[in-house]
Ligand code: PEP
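Only one chain comes next, encoded as structure tokens, the form predicted alone.
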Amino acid sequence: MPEEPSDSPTPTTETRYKGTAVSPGIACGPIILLYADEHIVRKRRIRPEDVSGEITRFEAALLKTHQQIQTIRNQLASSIGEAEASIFDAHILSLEDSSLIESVKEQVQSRLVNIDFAYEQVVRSYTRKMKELDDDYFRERAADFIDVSHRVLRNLQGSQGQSQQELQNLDTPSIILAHDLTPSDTAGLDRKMVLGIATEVGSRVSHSAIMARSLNLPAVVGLREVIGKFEPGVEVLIDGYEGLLIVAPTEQTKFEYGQREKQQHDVEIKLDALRETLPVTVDQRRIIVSANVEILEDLPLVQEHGAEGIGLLRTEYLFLNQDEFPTEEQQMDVYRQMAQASKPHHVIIRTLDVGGDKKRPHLGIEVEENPFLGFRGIRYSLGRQDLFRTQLRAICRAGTEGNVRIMFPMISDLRELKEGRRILDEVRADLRRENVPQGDKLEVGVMIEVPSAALIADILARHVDFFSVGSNDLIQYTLAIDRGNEKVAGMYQPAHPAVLRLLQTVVEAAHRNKIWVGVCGEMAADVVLTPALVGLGVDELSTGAVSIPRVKRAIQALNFEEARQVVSRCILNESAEQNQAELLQMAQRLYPEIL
């Protein structure tokens, strides 16, 4: 069998791992590991007299896991047949592997560590060695070990695991290293205790990257299989400019990065002076620059960075950061506080946008073969009208503040929009009958996130007051690129001629119908792309609050007519690379200090 893990895999000398920089900044601190099964496994020293209790806990977890797998097997055998159910026989064999079990017990006895840490380390060592063997049988058995180990760890740590609880209750400012971070993970972060984020997978537009930027946290993604190379608690440094994770940084390295951080701070001070200025081009084209917001704790950043209101309130975080649906009163209270904080500007409240990778058990979303093409966005709301009507009531009541707008996500055809508006009209009628105060005027818009919506923008524009382009999904669906898959991350190209042409179609359709159009995806924060968006005629850019000063600086340096000419050429170019180079050249000429 494979050898047992060494006592300390953590590097004792400085080691650097290269990933993709997705959120600028530098952070240094101890690391918290969040594995792919969404469970944190921390090393904990135990006393010799605790060994028997740890082993008893292990044996109980093995027994419970065996019962769970056997139940699943029996259910499958009765529903789809014995042959299909037999795949779980290998899982049971993995669970009963006596060599592995004895190795775990020996680790606890000799190293005096907690049982879940010992188990995870032994399984990791076994599976790593199996994968290295040139034998299909052993490689398949490694997958069985991993699958079973996730269930055993859940049973050792509690039915739902400890990851969410630990992320919410960090007692030391730390850097999180995860296989990936879901919206559910990030919704529960104790933001005061997270110094930075690093993930093994992901791209610049993955949810973990977007969240890191919105929180102003340094972040690196795409590090690929680094979690198992060192233990929790080791000191690391994140370089969110170059995309580096530096383990056990030397004092010289920390000094050099301290100097670099000081230089960057000087740039931030200059940008801070733009907080109260208006984003107007040199030839007087006015652009609104607003903020994307998730929760109430984001409001100080919105005000601090000079946002002109909230261009996107992602209401799903009200649903993702708890285990039950928020009530009408709870929602209304949050929406009203958002509206009050945004005055004299507007707040655009997007109705619940779950599905895809934004799930929690209480949402009742079934496993789908392709969730990004499934039951998500407005489809979920129309399918769960009880939740939809409750949310609409809360938004309408918050509308008494006078600056509330509502937006439906993931619209793909006119039928969905009409059905959403019909339900909204019914809700407003119900409130009037009940004499419940609501907003007199409630502007309604849709997100343009799929090519079909962009191509019928002229039709949709007749039924709404505004468009907001969700560029992350629009690019993903247009180019058939999974934005969270690091293997194809290089093909995710916002400057692709097809993307720019769709944006042109949307903007022109909006303006012909005398409605305004904004962009609230990650394109809005990318100052290299600002000339393209301004040149296309976009009226509003909504981005993470910390990006607002940079976007303002870019707009103020641009000439609208020149930007129009540049984007007109880009639309006719043959490749995204050509467009990116031309737009970068313009940005370097006009505002090099913020790139």
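Nothing here was measured: the structure is a model prediction, and the numbers come from that model. Don't overthink the numbering: it's just position in the shown sequence, from 1.
There is another form of this protein, the form predicted in complex with ligand PEP, and it is not shown here; the text below is about that form.
**Student:** Using a 4.5 Å heavy atom cut-off, state whether residue 406 contacts ligand PEP in the predicted bound form.
**Tutor:** Outside the cut-off, so no.
**Student:** Can you tell me if residue 210 lies within 4.5 angstroms of ligand PEP in the predicted bound form, counting non-hydrogen atoms only?
**Tutor:** Yes - in the predicted bound form, heavy atoms of residue 210 and ligand PEP come within 4.5 Å of each other.
**Student:** Heavy atom to heavy atom, is residue 290 within 4.5 Å of ligand PEP in the predicted bound form?
**Tutor:** Answer no; every heavy atom of residue 290 is more than 4.5 Å from ligand PEP in the predicted bound form.
**Student:** Just to confirm, residue 312 within 4.5 Å of ligand PEP in the predicted bound form by heavy atoms?
**Tutor:** Output for residue 312 is yes: heavy atoms within 4.5 Å of ligand PEP.
**Student:** If contact means any heavy atom within 4.5 Å, which of 121 to 129, 195 to 203, 254 to 262, 519 to 527 contacts ligand PEP in the predicted bound form?
**Tutor:** Result of the contact check: 519 to 527.
**Student:** Go through 298, 308, 443, 473 and name the one with a heavy atom inside 4.5 Å of ligand PEP in the predicted bound form.
**Tutor:** If I apply the 4.5 Å criterion carefully, the residue I get is 473.
**Student:** Exactly one residue in 150, 496, 285, 376 has a non-hydrogen atom within 4.5 Å of ligand PEP in the predicted bound form; which is it?
**Tutor:** Result of the distance check: 376.
**Student:** Each of 353, 447 and 483 having a non-hydrogen atom within 4.5 Å of ligand PEP in the predicted bound form: is that the case here?
**Tutor:** Affirmative, all three are within 4.5 Å.
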